[in-house]
Structures are given as C-alpha cells and as structure tokens.
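Presented below, as structure tokens, is a lone chain in the form predicted on its own.
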C-alpha cells in the first residue's frame, strides 16, 4: 500500500509536465554549474536502453567531436564567469572513442573555468591500457563501467552482446590494478528477464569479492520506444513482478550494507572513505551533444536527438535545443527535494540556502507524511532516509524516470528540428 501511494503521488506531481517548443533561459547568472557531455554511439545498442544512441561508425567520430567542440564554443561567453563544478561524460558508450573524448575534455578545460572531478562511463570491451592512459591524461578521475551482470545467460537474455562475464572481470582487474582513478564504480542491473534471486546474489558476491569501490544497481527501466518494451507488449519477454523486484532490491541493500558499503544513493553503494561516483546527482547542469539534456533555473530542456540536425545547427552558430519545459518555483524545489531523497538525505540549511525559505514551510505536510510512515528520520537539521524508506524512494525515483524523463526523450525524438536559438 505504501509503495502504491508513493508511485501515485510521484505521477501526480510530475505527470502534467508538458514539453514543448519552449525557448529556455540560457545560463549567465550562475556562480557554478555542471557540464554533461553526451556521446550517442554504441557498438551494439542494447534493446532495453532508454538513452539516445546510434550504431557506431568510426567515420562519425571526427565530425561529432568537432560539433561538440563547436557547441562548447557557443557557451563560451555565457559561461565565461561561471565555475564548472562537475563534468560527466555519458552515452551511449563514451569509451568507444577515447581519443575523441580526450580531445573534447581538453577543449572544455581550455574554454571554461573547470574546477571539478571528471567522470566517464565505459564498457568492459573498450578498456585497455592505452584507453586508460588517454583518459587519465585528459584529467578523468572517476570511471564507471557497465557490467549489468556476471552471468552470460542473463547478458544474452537482455541483448547485452558487447561483452561477456570474463571480459568484465578482466576489465575490473585492469582498472583496479592501474590505480589511477580516484573512484571506480561498476553498474549492475536487477529485475531483469530470466534473472533469479540466486543469480543476482552471485553478481553481488562477485562485486564484493573483487573489492570494487562502488557499485551502482539499477532496475530495468523500459521506455515506450525501447525494443524490449515492444517485445514485452508482444509477449516475447516476461518481466519480473513487483514482489520479486522488491525482494531483489532488499537483497541488494542488505548485501552491501552487511559487507561494509554505505548507500550514497538508493541505487549506489560505496566503500567508506571513497569519493562517490554519481551520474545524475547534480542540481543544475548544461548538456552538450546530440540528445543531451540540461537543467538550469526553472527550465529543463533537450538538444535534438538527430546527429545530422545537431551537426548542422551548431555549425551555423546556433544552439541545438529542440524542446523544453518550464517549472514553477514549487516544481523546481520539489525536484531538488526528490533528488536529495534519492541521495538518501539532506540538510535543511542546504534547502534554505538554495530557495531562500525553509523546507518545512514549503513541504511540511509531505515531510510529516514521510516521517509518519518511517521513510525518513530527523536528526536536528538533517533529513535522513531510513532503511525502511530505501525501497519507497527507489520506487519514487523509478516512477520519475518512467514518466518525466521518458516523456522528455519522446518529445526530443519527435521534434528533431532545433529552435535555432542564438546565444547572444
């Protein structure tokens, strides 16, 4: 009942958000902001993946790299006095083109005032000594690797054909032996077709036995345009039910906490003393690249998903933004609160500094409800998600992604023509 209420409340809060040809506010009034760079290429696009990506063709690398650098140049004046407090490179598969990534990162560092860690996503089959050297030389300090499972049969069942279990284990050993990164994280998935609780437990045991500093565990999320979503509707794929998913999630939390890991979000667990790797934990950020999304002030907006339109538009000196949504002040605060709960807690003073009001003034009844059901506890000014609250917040986050982000991705793909916005 509690989980149903959480899902329903989340849908009600964000279900009426409309994405349109809204012209967003381009940042120029910030002290600091994050930078997200999207690389939309994969050797073998996975049928469950919800993100903007295209089959890899080496001929696309150089034109795309130059286009990304052009978009960075377009933000040069607007962000000239703004400190870049985080850089995150996602995809797709960024490490499919390590030389291109290094080129882009150096250009970003030459263009902006960068004072941050740099995180990059990777795949096991792309990692070798040369690639690691290129990333480290380009200033990358945090690396994540998409393993999904150490079970070859499960990898096959979800269409993850780019690597097998042995390649993943070899890549983990390579990165950890290298020791050059401040943080190394691997991604595992749960609630997968054909996945049993025992096979999930074995995945968790392997990650713990290998001593991986951080492990992110993501549930299967199927957006309406994904191949696996269509396959499930046609009866070709059978998904896990909610009861099994909850059991799997509880197993994940118990396994990592028993092994001495700490939750740094409801989906990620890190060893004590390790600086966490996070892909989405940013309040405001500018997205660079085809299909990249941005969150600035009250606006959430997206670049065109079309590589052709993206390259053409930035080449003509215009921003490649295609759709956006504008939030009322309460909506901006609600998103901040949701993300903070995803990160397992926050200090009330952070909210007041960000929004010039107390969180109890704005969300008194909501916080009281969360406390009543044991989802959070209060320790002075600190709001902490409890062990009991981990699963409800997991469901809240999952619902947000399956509604708001899915809707944004669909609108982005349905509107490939950019708004032809000038930066000045």
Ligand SMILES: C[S@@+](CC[C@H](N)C(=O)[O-])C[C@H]1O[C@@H](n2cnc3c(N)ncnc32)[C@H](O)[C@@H]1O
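Everything quoted here is computed from the prediction, not taken from an experiment. Positions refer to the first chain, counted from 1.
Below: the form predicted in complex with this ligand, not depicted.
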Exercise for the section: Check, residue by residue, if 50, 122 and 219 all come within 4.5 Å of this ligand in the predicted complex, counting heavy atoms only. Expected result: yes
Problem - in the predicted complex, the one of 295, 93, 195, 86 near this ligand [non-hydrogen atom within 4.5 angstroms] - result: 93
Handout entry: One residue of 98, 324, 146, 213 in contact with this ligand, assessed in the predicted complex (non-hydrogen atom, 4.5 angstroms)
Key = 146
Completion exercise
Counting only non-hydrogen atoms, the one stretch of 287-295, 334-342, 181-189, 254-262 within 4.5 angstroms of this ligand in the predicted complex is 181-189
Practice task
May I ask you to check whether residue 142 falls inside a 4.5 Å heavy atom distance of this ligand in the predicted complex?
Solution key: no
